[in-house]
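Take a look at this single chain in structure tokens; it is the form predicted alone.
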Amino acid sequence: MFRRNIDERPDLAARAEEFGFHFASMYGEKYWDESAFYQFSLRQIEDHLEDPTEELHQMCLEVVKKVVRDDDLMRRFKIPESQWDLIRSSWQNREPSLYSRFDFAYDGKNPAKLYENNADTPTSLYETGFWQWLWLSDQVDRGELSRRADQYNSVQDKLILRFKELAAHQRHRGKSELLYFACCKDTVEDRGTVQYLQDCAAEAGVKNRFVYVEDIGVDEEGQFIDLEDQPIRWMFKLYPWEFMFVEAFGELLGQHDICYLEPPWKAILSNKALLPMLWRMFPDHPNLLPAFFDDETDKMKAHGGRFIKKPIFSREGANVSLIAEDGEELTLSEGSYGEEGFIYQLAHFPSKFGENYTIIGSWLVNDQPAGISMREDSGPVTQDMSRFIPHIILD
């Protein structure tokens, strides 16, 4: 695994405009960075990333199976009791999922270590599934990269196939085949992610519409409706379940026949409480870091070492602290999370390539590993503006 410098495409700005990549730069800073790329061997991809992703996913499903059966564990995950039936029925009915992303620390030699499971609203999908593949194709055509260069990336093909499967599932069950896509206003990255998913759904032949979360209404019967007062029966929402549970309309969830992507049971997988549960159920697994709930301080002390303190609902690296062995706390990132409680994960900083801390996002479409994304930052916490760097496979 190497980080190599490369010249940017001379027509980068024009290509971004041509393909609607409107968030290649944000807030005056570069987000997409093609001045470098990461190079992997095929063995590193297959043995160190793809296989562990598939195994960890199955382990995570075992956690869901355990949590939905246990009221105490549902409380540990800070899920409101009013939503337990929604989550349990979602799991029992095997409501289908679309995609998710594991975040790993990996140095090219030692086992990848899981940081978290972004199983509900993962972004950086467009730049993973389409844009970095276009970069590879362009750079090969320009002679900047070998024609032997490949990329671990079947995201787009798998998404299109999955949408076909989901439409067939809806049809078989006699459910709506009109898929609504939703995200919040004033979020260019979220809108880009949802537009990419819409394009994949359209390629799969799925009828779809877009509606902003803020524009979803409720009719007299308590049904969610769009701006034309049409009931929403099938919806992909890039909006976290933990937000939905406590919104004013949260009490309406589950009262009407709506199929969601992602399904409610994903609220367990996208929750940081997943990490101590994984360690409890699969101790010493080579791809896991020791992790504990905040009332397990004796276990933490017995284990020893420094720990990272993470809010249960934190997103984009917010409100992360480092707990030293003497108990001193050093804030690594600010944010608005933490009232829900914390978990503690053994400190294991991302691998550093030059001055860059790098993490790998390992994607799944449904249950199948599908590709990786690379994010790097000058600090150890990956946040929303951490740079996205492309990758290749070349032995």
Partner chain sequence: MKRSQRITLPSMRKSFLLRPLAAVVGAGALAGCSGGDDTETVNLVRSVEDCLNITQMSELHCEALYQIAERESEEAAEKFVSLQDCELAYGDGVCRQGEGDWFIPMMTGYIMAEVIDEVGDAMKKRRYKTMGVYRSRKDDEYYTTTGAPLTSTTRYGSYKVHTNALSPTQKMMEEARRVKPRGTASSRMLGGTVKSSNRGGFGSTSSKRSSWGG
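Quantities reported herein were computed from a predicted structural model and do not represent experimental measurements. Positions refer to the first chain, counted from 1.
From this point on, the text means the form predicted together with its partner chain, which you will not see here.
Chemist: Contact between R375 and its partner chain in the model of the complex at 4.5 Å, heavy atoms?
Modeler: Heavy-atom contact with its partner chain at 4.5 Å: present for R375.
Chemist: Is the gap between M281 and its partner chain in the model of the complex 4.5 Å or less for some heavy atom pair?
Modeler: Close contact is absent here: in the model of the complex, M281 is far from its partner chain, nothing within 4.5 Å, heavy atoms only.
Chemist: I'd like to know whether E165 contacts its partner chain in the model of the complex, with contact meaning heavy atoms within 4.5 angstroms.
Modeler: Heavy-atom contact with its partner chain at 4.5 Å: absent for E165.
Chemist: Is there a heavy atom of N153 no more than 4.5 Å from a heavy atom of its partner chain in the model of the complex?
Modeler: Yes, N153 is a contact residue.
Chemist: So in the model of the complex, are S25, W32 and G108 all sitting within 4.5 Å of its partner chain, heavy atoms only?
Modeler: Negative, none of the three is within 4.5 Å.
Chemist: Heavy atoms within 4.5 Å of its partner chain in the model of the complex: which stretch among 67-75, 88-96, 239-247, 289-297?
Modeler: Only one stretch passes the 4.5 Å heavy-atom test: 239-247.
Chemist: Pick from L269, L136, C259, L322: which residue has any heavy atom within 4.5 angstroms of its partner chain in the model of the complex?
Modeler: Answer to the contact question: L136.
Chemist: Taking its partner chain in the model of the complex, which residues along 200-223 bring a heavy atom to within 4.5 Å of it?
Modeler: Residues within 4.5 Å: E203, K207, R209, V213, E214, D215, I216, G217, V218, D219, E220.
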